[in-house]
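Only one chain is included here, represented as structure tokens and corresponding to the form predicted on its own.
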């Protein structure tokens, strides 16, 4: 089977599974992942592992670049500035709360697996870092559906955007430490300096790219021209980051953030991706689903349950603590944490980055299956939980919903 044939299957199956999922009021991303499981090696084996494991890596890089650029473009400084103290406090506590709690609990219960302590600690760190990420797409979809607007909704959008940016940074550090723990990262000094170099290098490269995009924006007149330039820029920025051993995710999220906040008109850069991203995301999530192995799920079932529970407690508890310290409104302290349960694109992307690293091969199957199981469950219970929290905030615009 060739790659073109496989891509055609992914797109068609993704479209059909998305329609079926929508009919049952399940997020489309869950349908994509289930479709990937069905056509993958665990069930029908329609797509050879040689293609899913190696030949479609470029799809992962492209999808992650687009997701990262869009996240950065959703970070509006004016919006964040109005609620700056509570947003920053909540973001830090819930993000690091999920990271620390998942890392500790996974490591404590990892005795159910075979492996040495450095390897199991590496696995725990990576799963903890991935647990800190949320799903901006699912959250935005619920907000749009309910036509929600107000203090709670603004806080939620800002926290979700900042959360994913922070999660990418945490993952970069955890990934570097994991490699070092497995004896592939050199000296202790390198173990400390490499993550710092990766993060600051990514910020500088992304900032420079965003500033250049801002300068050349006046030369583009049509949406088609803007789309071509943005898509080319996301790929070019990501390629430069990979060549320099920086984080392509953090680089693109910085580029999106800089270009959008330099001028209001630059928001068209992010908006131009709206028509291009759906098929890319469909292929990306179907591809992710093909990596789920039922035989491995039986082995990691307990760890998967621990991952989901620890992440939920970290998100909800961290939000309450962060909100209490920053004196956020009661409605934010009580219900914002529940709104942060959805987990999808960024988490899957980070898991695939670790999965594709040969150094982490002994633990890659465990990691990807735990994350995919969590994503599938959280994408079913997460969006309804977000909708419930928004209704509790009384920011649903019922007039607009009733007239549709």
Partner chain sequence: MNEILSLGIIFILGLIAQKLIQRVKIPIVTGYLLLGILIGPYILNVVSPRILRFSGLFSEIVLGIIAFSIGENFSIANLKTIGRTVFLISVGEVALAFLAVSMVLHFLLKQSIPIALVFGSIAAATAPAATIMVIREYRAKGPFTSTLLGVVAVDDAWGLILFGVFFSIAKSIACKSNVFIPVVILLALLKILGAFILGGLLGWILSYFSKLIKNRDELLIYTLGFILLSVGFSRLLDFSVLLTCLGLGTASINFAQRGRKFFDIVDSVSSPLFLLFFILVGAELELPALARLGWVGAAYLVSRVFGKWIGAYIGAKFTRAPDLIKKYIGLGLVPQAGVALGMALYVKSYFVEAGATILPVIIGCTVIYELVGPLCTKYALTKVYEIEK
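Positions refer to the first chain, counted from 1. Keep in mind that this is a model prediction, so the values were computed, not measured.
Beyond what is shown, the protein has a form predicted together with the partner chain; the following relates to that form.
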- Task: Assess the spot marked by 50, 292 and 304: is the partner chain within 4.5 Å of a heavy atom from every one of these residues in the predicted bound form?
- Result: no
Which of 257-265, 118-126, 311-319, 217-225 lies within 4.5 Å of the partner chain in the predicted bound form, heavy atoms considered? The stretch 217-225
_Considering non-hydrogen atoms and a 4.5 Å limit, does the partner chain approach residue 144 in the predicted bound form?_
no
Would you please decide whether residue 240 lies within 4.5 angstroms of the partner chain in the predicted bound form, comparing each non-hydrogen atom pair?
yes
In the predicted bound form, does residue 275 have a heavy atom within 4.5 Å of the partner chain?
yes
- Message: in the predicted bound form, does residue 25 come within 4.5 Å of the partner chain, counting heavy atoms only?
- Response: no
The one residue among 229, 199, 157, 182 placing a heavy atom within 4.5 Å of the partner chain in the predicted bound form is 229
Among 377, 366, 34, 62, just one has a heavy atom within 4.5 Å of the partner chain in the predicted bound form, namely 62
